[in-house]
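So this first bit is one chain, no partners, the form predicted on its own, shown in structure tokens.
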């Protein structure tokens, strides 16, 4: 962090007059430009390699996943799809404090745009891959409220040809079973009872179809790309020595950038081209329900250990020795209590409300919280240990707060209306 402070501290101001108005240009050293370029989408690496999904970069799987993402028939009422809560026009969020599908869910829907670069999925990281994450909502009674047999039946009826061309032949032995019964190991008492009555080989065949649906959805989401934002244009222009009055950031935006990278120290967690380290922190956001506190990452650990669709599972394509995150999973410690994954700040100006249950409606409220944070809520009867607190007061002036927000607004990418991956498929 000393290097960051040194680099940003070396920036000097100058003025640029063009087109009859005053713009702002800064004198950046090569070290400044090199550091800033690490935050540009131009230098965003390819998504993380997926050891557990051999189809993650398959175009055929992505095309199938594209259809599945917008398919509302994969729900108990025929009206809920993945796109219900991850709407392209809202940068794959839904704009709600807590998402609403079949019912209201526990938290809100984070954007899927940066998900392919994160080892952990959901706010609490209770899934270790994007394909496993995609399976969770299907069986959640508040989301799709579907079952594994119904998912398999839907694939056989509507996707059999692309499925078998991409993955493997579906055993005919389960055709009548998935058509006749509504069964899953995570559902109602009746659904679980019917699932237990299935033969092990039948359960495995259904689970394999289910897992491959998640793998197709993952392949689709890895195709989603963001257009460069104003910030990226500025950094790229610096790197190519082509800064002009049309792509320079305003004085307020650059002041906010200096704060973000320097004294406010936002970059310690919000770093890289996606402005996130994808790690877990407790920043003391207000508790939505003090009668039932959200333990975040702490609760997710047991879910991960018991999940049948992790990198270590029989439905994973990985060798166990390659599942490093699961093999060396941190399972205890006060820093896990009430901790949530650092969200990407890309498109932050268009994805309100903020935090895991939309506790803050505006960026002004978010910055005010970081400026004078309240320690995490602690109830000794509900918490396993006192939560670790990860932030310190910033003590910013009102102008500095405004500057920070101005900078954050420069991270919004334009929606590419010509990108077919962002649109519902025609077929």
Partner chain sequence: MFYYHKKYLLIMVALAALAAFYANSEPLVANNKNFETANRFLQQANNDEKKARQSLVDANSVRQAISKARVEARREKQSDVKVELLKKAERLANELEAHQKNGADYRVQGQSKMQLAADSFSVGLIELFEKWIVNRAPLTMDPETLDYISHNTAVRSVHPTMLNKMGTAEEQQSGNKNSIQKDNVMTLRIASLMGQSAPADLNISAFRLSNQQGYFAHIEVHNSTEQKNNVSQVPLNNIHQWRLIISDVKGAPVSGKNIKIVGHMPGHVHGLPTQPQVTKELAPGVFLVEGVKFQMQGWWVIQFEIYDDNNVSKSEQELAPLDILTFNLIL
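Keep in mind the model is a prediction, meaning the values are calculated, not measured. Numbering follows the first chain given and starts at 1.
We do not show the form predicted in complex with the partner chain, though everything after this point is about it.
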At the 4.5 Å heavy atom threshold, is residue 395 in contact with the partner chain in the predicted complex? yes
At 4.5 Å between heavy atoms, is residue 42 in contact with the partner chain in the predicted complex? no
Any of the heavy atoms of residue 268 lying within 4.5 Å of the partner chain in the predicted complex? yes
How about residue 71: is it within 4.5 Å of the partner chain in the predicted complex, going by heavy atoms? no
In the predicted complex, the residue from 145, 313, 191, 255 that sits within 4.5 Å of the partner chain by heavy atoms: 255
Though the partner chain is not shown, can you say which of 104, 186, 305, 329 has a heavy atom within 4.5 Å of it in the predicted complex? 329
Please determine, with the chain shown alone, which of 358 to 366, 373 to 381, 63 to 71, 49 to 57 has non-hydrogen atoms within 4.5 Å of the partner chain in the predicted complex. 373 to 381
Interface residues of 113 to 127 toward the partner chain, as seen in the predicted complex [heavy atoms, 4.5 Å]: 119
